[in-house]
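Here you get one chain, nothing else, as structure tokens; it is the form predicted on its own.
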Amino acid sequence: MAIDQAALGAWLADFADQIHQGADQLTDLDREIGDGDHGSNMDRGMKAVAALDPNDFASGADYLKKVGMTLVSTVGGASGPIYGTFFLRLGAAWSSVNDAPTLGLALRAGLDGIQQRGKATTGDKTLVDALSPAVEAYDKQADQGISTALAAAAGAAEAGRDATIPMVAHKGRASYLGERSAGHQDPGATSMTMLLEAAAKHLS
């Protein structure tokens, strides 16, 4: 089954709302190990995304690519290019999405784009620690349908987010702290989990 543009719009509107409601939390998390601007930067970017009308675009792929470009241009710091790359890669793969396995391929394309851009892998204490296990969990449940697979992905993202707390950061601003970065939840993994939770609600 194809996921229509209305569902994509609802997904990202929900994500924008979660980011807005959680902006202070994200900023507090980032203040502990980063620049202290993840919440405000993501809130600004997602407000710009929420202002887009999915129906103004010829296809879901075009809409997702515009989301990516919007995030690159409006979100400061590393998060803009990272999230922007995710949506640009997702959009590039979207025209082939018509069932659970092909959605999984699109999500993996987004993950691959992030890893190529940021050079991070699991264990580095970044949003990859939420997204990578989420994509793996999705793939394992893809034969059960999109709803089941996305629920599994959201659950894996939550576990991955929580697993960043004891980690020592190896990428990004947090890596400058060395061992002192341990004991803090990664803000990027936190926002990525919000994205996947919203996907499980609206793309199923």
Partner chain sequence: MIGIVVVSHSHALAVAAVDLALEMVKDSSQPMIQVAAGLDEQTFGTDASAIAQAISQLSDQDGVLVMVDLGSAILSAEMALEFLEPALAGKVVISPAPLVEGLVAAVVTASGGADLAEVDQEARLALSAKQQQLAPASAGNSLKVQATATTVSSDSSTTAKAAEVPPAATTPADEASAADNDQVSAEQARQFRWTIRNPHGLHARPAARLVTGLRGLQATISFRNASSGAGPASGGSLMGIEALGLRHGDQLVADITGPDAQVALDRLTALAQNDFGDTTA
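Residue numbers count along the first chain shown, from 1. Predicted model, so just to flag it, every value in this text is computed and none were measured.
One more form of this protein exists, namely the form predicted in complex with its partner chain; it is left out here, but the text below deals with it.
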Residue within 4.5 Å of its partner chain in the predicted bound form by heavy atom, from 97, 107, 75, 128, is 75
Can any non-hydrogen atom of residue 84 be found within 4.5 angstroms of its partner chain in the predicted bound form? yes
Quick one: does residue 118 come within 4.5 Å of its partner chain in the predicted bound form, counting heavy atoms only? yes
Since only the chain is shown here, I'm wondering whether residue 66 would be in contact with its partner chain in the predicted bound form (any heavy atom pair within 4.5 Å). no
Residue 88 near its partner chain in the predicted bound form, any heavy atom under 4.5 Å? yes
Heavy atom contact within 4.5 Å of its partner chain in the predicted bound form, the stretch among 158-166, 48-56, 66-74, 140-148: 66-74
Within 92-107, the residues having any heavy atom within 4.5 Å of its partner chain in the predicted bound form are none
